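Just one chain follows, in the form predicted on its own, and it is written as structure tokens.
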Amino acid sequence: METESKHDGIVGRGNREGARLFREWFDSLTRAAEEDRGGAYVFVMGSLGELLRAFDLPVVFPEINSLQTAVRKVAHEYLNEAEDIGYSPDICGYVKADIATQQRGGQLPMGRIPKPAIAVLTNACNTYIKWAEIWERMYHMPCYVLDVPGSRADGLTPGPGDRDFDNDRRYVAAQLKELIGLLEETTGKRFDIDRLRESLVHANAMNQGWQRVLELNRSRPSLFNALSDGTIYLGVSNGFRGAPEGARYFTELVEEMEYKRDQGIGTLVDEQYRLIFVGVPCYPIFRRFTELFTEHGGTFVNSTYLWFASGGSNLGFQYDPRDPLESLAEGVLVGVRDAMDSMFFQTRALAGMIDDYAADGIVFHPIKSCRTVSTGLADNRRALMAMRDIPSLFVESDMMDRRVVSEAQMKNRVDAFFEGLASRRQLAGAGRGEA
């Protein structure tokens, strides 16, 4: 009975607690909006949540808000409203959904978001910069673009002690000091470096836990689905970055995953094929999109989405609270650079992921709305196929716009993909003399 009680308490806890924290986060944003408190608008690739907490700014992620409209089946309403006032069907669906959200006074299916008091963004995505310019025109508030130097070339990952890396870190640190001055001016609060230290300690626990959770999913069977479960974990890693709740959540998530591994408990799917996912999920039919693969016994053991959308926490980077600003600068440099690499220099990393997670196949999912993520995926696929003998699926849809999502066509492609995986396995078995 004691074992059963522990099982019921631990298994599934990450999903339950993730949903609860997400609800609480949106409730806090709704309260901020009702109190007419301005928020900090940020993005998943370089949110600087650790620093913003020192100024008590409500942190708003427009990307996460927009995807929620798709998951809750109302994105088309928001997209149509933005297009009706002149925004092109070709631009990012996240942007258009956010524009409609602003037109609605911040109203979303999950609650209401406050207006921006400041926007803090990086150059990880070119859309970020144009998006923030829209808020500037709407609200006449300050925007700060943190220019993070990217990798010079594929496979070039210098660290501390390298002249170029150290120069880049100092460059980022100088910008952080400038940003702190702007935050003081915007909020009317003096910067408290001890509060930053506290946030870095919590972020260290989160980063360590997130990295460990990803490592544990190398188990057979896999412990969580990187597409469905992983998106819940991502929400917490962004919304509670630098917060004690986030640190506690990932510490407990590690406990859950280690328990499942020790008990031989996998996902709800009878795992037949282990898959890697490349790109952003199809949120307009999110559950059904996942089912197209799980119905065949396919589970996603990892994805580039858990890489670039985690704000760098997937790396397990550990800040040094003794030197918080320089350490934060290094963490931002490493994390944002790694996120950019996941889109521009992903082939080597995907090959390593295939090996580490014993993947049977890889799914590339280019989307209409996001050229930053999708441009070059066909070339990346060809390059990866030259490095690894692994079946791949290239299936196109969108992360927001259901008008360009054809479930029937996707199902045909996915079914054929699994037929190929089954034939490949049969041939391999015949080659070994198996029945």
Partner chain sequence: MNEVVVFPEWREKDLDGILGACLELIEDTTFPTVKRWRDAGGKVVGHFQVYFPEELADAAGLLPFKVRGASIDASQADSRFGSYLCSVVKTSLELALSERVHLDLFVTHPICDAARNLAAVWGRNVSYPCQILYLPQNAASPSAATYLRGEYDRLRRVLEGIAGAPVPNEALRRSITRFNENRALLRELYAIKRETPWQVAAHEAYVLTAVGGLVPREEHNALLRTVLPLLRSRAAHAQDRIRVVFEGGFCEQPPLDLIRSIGRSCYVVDDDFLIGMRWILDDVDPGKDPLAALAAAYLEGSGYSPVQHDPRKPKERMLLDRIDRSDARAAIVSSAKMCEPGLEEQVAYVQALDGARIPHFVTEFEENMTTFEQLEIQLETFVENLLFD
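Numbering follows the first chain given and starts at 1. Worth saying up front: this structure is predicted, and the values here are computed from it rather than measured.
The discussion below concerns the form predicted together with its partner chain, not included here.
The stretch among 281 to 289, 182 to 190, 214 to 222, 86 to 94 whose residues place heavy atoms within 4.5 Å of its partner chain in the predicted complex is 86 to 94.
Each of Arg137, Thr375 and Ala378 is positioned with at least one heavy atom within 4.5 Å of its partner chain in the predicted complex.
Residue contact check for Arg152: one or more of its heavy atoms lie within 4.5 Å of its partner chain in the predicted complex.
Interface residue remark: Thr251 is not counted as part of the site for its partner chain in the predicted complex, having no heavy atom within 4.5 Å. Its partner chain in the predicted complex comes within 4.5 Å of a heavy atom belonging to Glu396.
Though the partner is left out of this view, Arg382 does reach within 4.5 Å of its partner chain in the predicted complex, counting heavy atoms only.
Only one of Met343, Met353, Val332, Ala119 comes within 4.5 Å of its partner chain in the predicted complex through a heavy atom, and that residue is Met343. This chain lacks the partner; the member of Asp320, Asp164, Asp270, Glu295 within 4.5 angstroms of its partner chain in the predicted complex by a non-hydrogen atom is Asp164.
Along 114 to 138, a non-hydrogen atom within 4.5 Å of its partner chain in the predicted complex is carried by Asn123, Ala124, Cys125, Asn126, Thr127, Ile129, Lys130, Glu133, Glu136, Arg137, in order along the sequence.
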